[in-house]
Each structure stands twice: as structure tokens, then as C-alpha cells.
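Only one chain is given next, in C-alpha cells, and it is the form predicted alone.
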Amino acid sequence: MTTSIRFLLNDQEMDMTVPPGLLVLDLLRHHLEKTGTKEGCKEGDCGACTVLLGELTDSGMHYRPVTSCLLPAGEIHGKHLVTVEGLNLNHLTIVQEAIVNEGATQCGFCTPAIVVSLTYGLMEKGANFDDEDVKYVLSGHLCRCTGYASLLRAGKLIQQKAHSLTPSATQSENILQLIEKGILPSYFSEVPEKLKRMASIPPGNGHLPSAKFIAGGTDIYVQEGESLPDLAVTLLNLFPEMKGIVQKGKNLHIGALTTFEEFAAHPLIQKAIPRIKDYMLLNASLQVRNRATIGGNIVNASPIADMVILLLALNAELILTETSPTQKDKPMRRIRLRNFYKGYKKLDKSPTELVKEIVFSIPEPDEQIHFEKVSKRRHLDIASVNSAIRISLKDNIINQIHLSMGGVAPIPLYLSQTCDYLSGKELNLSNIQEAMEIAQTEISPISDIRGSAEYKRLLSRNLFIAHFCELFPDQFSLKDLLNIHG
């Protein structure tokens, strides 16, 4: 199966026929000779293949960094694909110059992608590019040679140059300034008009009953990447009706194709979950968060899926829709997320159903939400154990509670017995200790590469305690909590 795609590659208009499931990384390196984009882990972990993907929105051009090893070629139709070659001027850019001056490269393998991400930081933040932004855009890059101190120093130099820009509210306005200052190539100003001439959706990518469905690709390309170019695939990201976040009454409706980064950046989500950006930093790099979708995380059914664990604690529901032409008249189906998992990688979903939306109630002012995670790396790693809680009190009585835990069962686990016990109980040490013991009967961890069963039981206790320590520091001292644990 092939499809026609038209897109901008740096400053060139491209018209190609390719398998829609072909990785953009392979398209660039093996078909288009753009070898500045490096192949490292090919799992989205190292960041060496980072490119910018730009699309025209109502507010102008919007670019985001993504790992090209997780991006299907069929998705770049009508978009602007920027590689490190497309950032070249007749002189070193301020990003390249800063890296050179600070000796922030040795073997150079990871450097092109780092240049891409730091340039994105300038495009996104402009004059407001600061220390935290430097760390934010570099978070998805691994460098074995230099460490990161020299890169952070390079970031400082870039910030000094950025201060000459006028503060701006939009990425499009920042881009125009960067062009005027000779920091971005001038062709960027022509991109919006060029994209307007291109069709928004490539032909031949409608719903296919026998197709392999691809959303963010963050797991399927790791598991089946070599075979996908040869298969009939449906690229779900070509269906914008499955994106977005809206409030309907007292509920938030999340389109299944909403990315992790879009979820964390949305004002409605930040109001509902004030620490959501902190939690997301634990879960994946910026480049991967720009690909990973909420619906994909749910359907992938990993027992340690970070977003699923959070959504279980939010007591979320799923809205499923039919894709088969023979089933189109069937009404959409709703199911509680906690009932969606029937066993390891077994879902209450037919092969022709898709998760269309995720729905959860907006937290009341007296409700609190918290997420905890332990992994081998502190950030951007797969969890050994993770856990989330949603809780509200009235006169120190637990009015409502939802607890979830990952890495301790064959499925992402909602701790129903523990929640039933705590509901209506006073929040005190005795009840927390009893609930913790009930939780231990609900979990069934196994030993694997991420830890022994005994270690995971210990982690589950620690994370259980951490919820109450973080949310109610005035009620429980560390000594009290250690006594509970011991």
C-alpha cells in the first residue's frame, strides 16, 4: 500500500509516493539523503533523530519537535518538515555558535538534533527563553560524550542573544523576528502560503477494516516498526475530529488523539490538575510527548502506562465508536476505564471499535489529585511502579477517593477494595495503615527487569504513603508515616 504525499522539506516542495507507515527517519536518510538526522535507538529515547514538524493553524504556523523514528511518512502531508540542514545559514547560527564556543560537542552524533531542539526553544519562547526552557527542550537528548554542563552554558549564550528580541505572545511572531535577526533562514516566511496550496489530507488513508491503526506510534513502531511499511495502515492522526479538549457541563472531554504535551499544556487540564506539568516531566521527553496520544496509551494496555494510571484515579470513562462500515449505525458506547481491562493486553473492545473520547468530571475545589512514580531513571523512563489518587474530605472524613497503581498487576490496577474501605472513613493513621494492608492484598507484582516482586511491594507501600504525605503534610509527620511503614 502506498499513498501520495506533498510536503515541504526545509525550503523544497516535495511530491512523493510512499508507504504511509514508512518512518520519516528512514525516508530522510535512505530516500532523501538528509543524513544530519541520525539513527540512534530508533525507539524515541535518545533524541538523535529529532526534527521539527510545522503545520498551519488558525493562529499561524506552529512547530513542534518530534522524534522522526516514531513519525509515519503519511502524516507529513501538507506540513513543513525541518531537519538540521534546513536551519543552515551562510554562517553559524547563534545556536551552533554557542555550542562551538562552549565545547558542547565531541563526537557530534547527537549535536544536529540538539541544534534543532534549541532552535525550537527560540521559536517557541523568543525573548523569554530562559534556563528552565533550555532544560525543557534538551530533556529528550542523550549525550554520552560531554555531559550536559557545556550544553547548559551554551543555552546561557543563546539566551543572551535572545534578549535582543521583542517579547511576543505567539510562535509565529517569534519566527518573524528570528528571520529579521538572521537567526532563521528567510524561507520560513514563505511557508504559510506554500502550505495553503497543499491538500490537508492525503488520499487513500480512510478507515480500513483490516488496517493496522497507528496513532502516536510510540509503542507500535518500537515493537513492529520494520513490518509497518509493508502493511495497510490507518493513520489516526489524519482525523482531527478525534483531537482536542472541551468542557461539557461538569465534565472534561479529551479527544483520544490529544497528545501528552497538548493535554498538559491545556488551561482546563492545568486548572483541574495543577501539577500536571510536573507529572508529565516524569513520563516522557518533550519529543515523545508531542507524539504519544492519550487514546494510544489506553489501548496499548501496558500495566505501567503513566497516563492510564492518572486517568484511573480521575475515575475516567471512555467513549468508543465503530469503524466498520457494517457497524456504523451502532450507537457510541461508554465504559468506565477501570472496567476496560480484562487481563494482560485484553480489552473490552471489538477489533472494529476505536476509543474516541475520554471523559472525567472536573474536580471540585475540595478535591486533590496526586501522581507518584519510581523508575530507574528519575525522568523520561518506564515506571517500576506508579500510582495516582483523587481524594476529597469533609470534616476530615473521606468523602470520595479513587486510587490506582501500575506495575503491580497484569493490568493498570484500580484499587477498588482499598477505595471502598477508605470511603466514609476518618483520615487518620490507623485507617491509612489498614488501607495499605488491603492494597497489598489487591496487588500481585511479579519479578522482571524493573525489579523483584518484593521490591515492587515495597515501592507500592512507599507510593501509597507518599500520596498522603504530599497532600496532607499538616496532618501527618514524617515520623508518623515511617512508623506506619515499619
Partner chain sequence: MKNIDAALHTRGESQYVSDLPKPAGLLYAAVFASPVAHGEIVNIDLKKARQHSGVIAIFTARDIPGENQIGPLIPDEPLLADSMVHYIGQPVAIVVAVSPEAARKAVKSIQMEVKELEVIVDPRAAFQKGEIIGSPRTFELGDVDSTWDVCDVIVEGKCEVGGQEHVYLETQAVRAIPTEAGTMTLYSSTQSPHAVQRTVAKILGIPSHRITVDVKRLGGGFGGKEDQATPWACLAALAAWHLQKPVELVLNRHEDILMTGKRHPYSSDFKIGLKKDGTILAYEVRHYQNAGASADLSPAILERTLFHSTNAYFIPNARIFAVSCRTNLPPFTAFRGFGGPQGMFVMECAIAKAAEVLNIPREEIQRKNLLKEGDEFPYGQKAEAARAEVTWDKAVKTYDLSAIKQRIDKFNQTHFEVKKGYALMPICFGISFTATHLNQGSALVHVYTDGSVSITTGGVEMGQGFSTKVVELAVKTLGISPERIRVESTNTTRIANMSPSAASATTDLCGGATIRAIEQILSRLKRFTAEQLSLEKPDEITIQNEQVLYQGKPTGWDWKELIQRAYMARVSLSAHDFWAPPGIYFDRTTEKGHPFNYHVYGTAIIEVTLDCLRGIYQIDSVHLVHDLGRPVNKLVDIGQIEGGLAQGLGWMTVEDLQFDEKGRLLSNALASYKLPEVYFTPEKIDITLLEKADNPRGPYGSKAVGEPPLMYGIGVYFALRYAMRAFAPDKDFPFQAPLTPERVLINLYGDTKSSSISVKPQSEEKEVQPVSGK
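A quick note: this is a predicted structure, and the numbers were derived from the prediction, not measured. Numbering follows the first chain given and starts at 1.
There is another form of this protein, the form predicted in complex with its partner chain, and it is not shown here; the text below is about that form.
In the model of the complex, its partner chain stays beyond 4.5 Å of every heavy atom belonging to residue 250. When contacts are judged by a 4.5 Å heavy atom cut-off, residue 115 counts as touching its partner chain in the model of the complex.
With a 4.5 Å cutoff on heavy atoms, residue 102 counts as touching its partner chain in the model of the complex. Contact between residue 429 and its partner chain in the model of the complex is not found at the 4.5 Å heavy atom cutoff. Heavy atoms within 4.5 Å of its partner chain in the model of the complex belong, among the stretches 74 to 82, 306 to 314, 336 to 344, 90 to 98, to residues of 90 to 98. Proximity to its partner chain in the model of the complex, defined as a heavy atom within 4.5 Å, singles out one entry of 169, 362, 246, 107, which is 107. Proximity to its partner chain in the model of the complex, taken as a non-hydrogen atom within 4.5 angstroms, holds for one residue of 197, 379, 156, 271, which is 379. Annotation for 10 to 34: interface residues with its partner chain in the model of the complex are 26, 29, 30 [heavy atom within 4.5 Å].
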